[in-house]
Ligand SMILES: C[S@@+](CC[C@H](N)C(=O)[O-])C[C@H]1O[C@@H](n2cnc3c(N)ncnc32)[C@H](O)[C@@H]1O
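Take a look at this single chain, the form predicted alone, given in C-alpha cells.
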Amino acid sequence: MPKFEPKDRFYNKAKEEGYRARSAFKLQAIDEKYRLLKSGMKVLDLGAAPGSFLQYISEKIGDKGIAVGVDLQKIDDLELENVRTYQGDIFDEELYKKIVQENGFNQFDLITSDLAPKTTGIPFVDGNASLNLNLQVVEVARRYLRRGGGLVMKILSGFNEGDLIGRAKKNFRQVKKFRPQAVRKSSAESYIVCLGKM
C-alpha cells in the first residue's frame, strides 16, 4: 500500500495558492478535462467544507455567477461576493426550500459533491455509506439541476458502484469515472462525472 504523505506537492501547492485544501486541484483537473465551469453559472456544492471547491468555482463563474455551498459543518466565511453558504443536511428538504427562497432560483447549471462519510476503515461499510450519500446527490440533481446540466461526485471504492452509475445513467446522457492526480495515492477516491442531464 502506498505510504500516506500528509504534506505532498498538492498540499504545499494549496498553501501557496491560498486554497483551503488540496481538493481544489481535484476539481480543477475534472474541470479542465470536461470543461464544466463557465462564467455566469449557478453552482451547488454539496459537502463544501472547508471551502476549496467553492474557492475554485468562484474564480471560474465570475461576478455574474452564484455558488451555493452546503455542509453539516459551518463553512468559515470565504469573503467571496458570489458565494453563499448554508449549514445543513443534504437529506433535509427544508434546506433546499430555504436555498430556493433566499436565492430566487430553483435550478442549477452544475452540482458538485465532495461528500464523504465518516470512515470506519472497513471498505465495504465505508463504500456503502458513500453510495447512500451519492444516491441522495443524484436525487438532488434530478430535482434541482437544469436540463443539460452536469454533476460531479466523489465515490469510495469498496461497494457496488454499478448501482450508482446505473442510477446516474437514467438521468444523464454521459457518465464517466475519473481519478484526478491530486487524489492521494493511498486513497480509494475517484469521481463520477455526469454530463447532459435529461
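Don't overthink the numbering: it's just position in the shown sequence, from 1. Because the structure is predicted, anything quoted here is derived from the model rather than measured.
What comes next is about the form predicted together with the named molecule, which does not appear here.
Novice: Of Leu133, Ala141, Ile61, Ile30, which residue is found within 4.5 angstroms of the named molecule in the predicted bound form when only non-hydrogen atoms are counted?
Specialist: Here the answer is residue option Leu133.
Novice: Wondering, does Val68 line up within 4.5 Å of the named molecule in the predicted bound form on heavy atoms?
Specialist: It does not: once the named molecule is placed as it appears in the predicted bound form, Val68 has no heavy atom within 4.5 Å of it.
Novice: Though only this chain appears here, would Phe91 touch the named molecule in the predicted bound form if you measure heavy atom gaps against 4.5 Å?
Specialist: Answer yes; at least one heavy atom of Phe91 falls within 4.5 Å of the named molecule in the predicted bound form.
Novice: Is the gap between Lys154 and the named molecule in the predicted bound form 4.5 Å or less for some heavy atom pair?
Specialist: So Lys154 counts as contacting the named molecule.
Novice: At the 4.5 Å heavy atom threshold, is Asp109 in contact with the named molecule in the predicted bound form?
Specialist: Contact check for Asp109: no, nothing within 4.5 Å of the named molecule in the predicted bound form.
Novice: Tell me the stretch among 168 to 176, 141 to 149, 35 to 43, 48 to 56 that has any heavy atom within 4.5 angstroms of the named molecule in the predicted bound form.
Specialist: Contact criterion met by 48 to 56 only.
Novice: Could you run down 102 to 119 and flag each residue that has a heavy atom within 4.5 Å of the named molecule in the predicted bound form?
Specialist: Heavy-atom contacts to the named molecule in the predicted bound form: Asp114, Leu115, Ala116.
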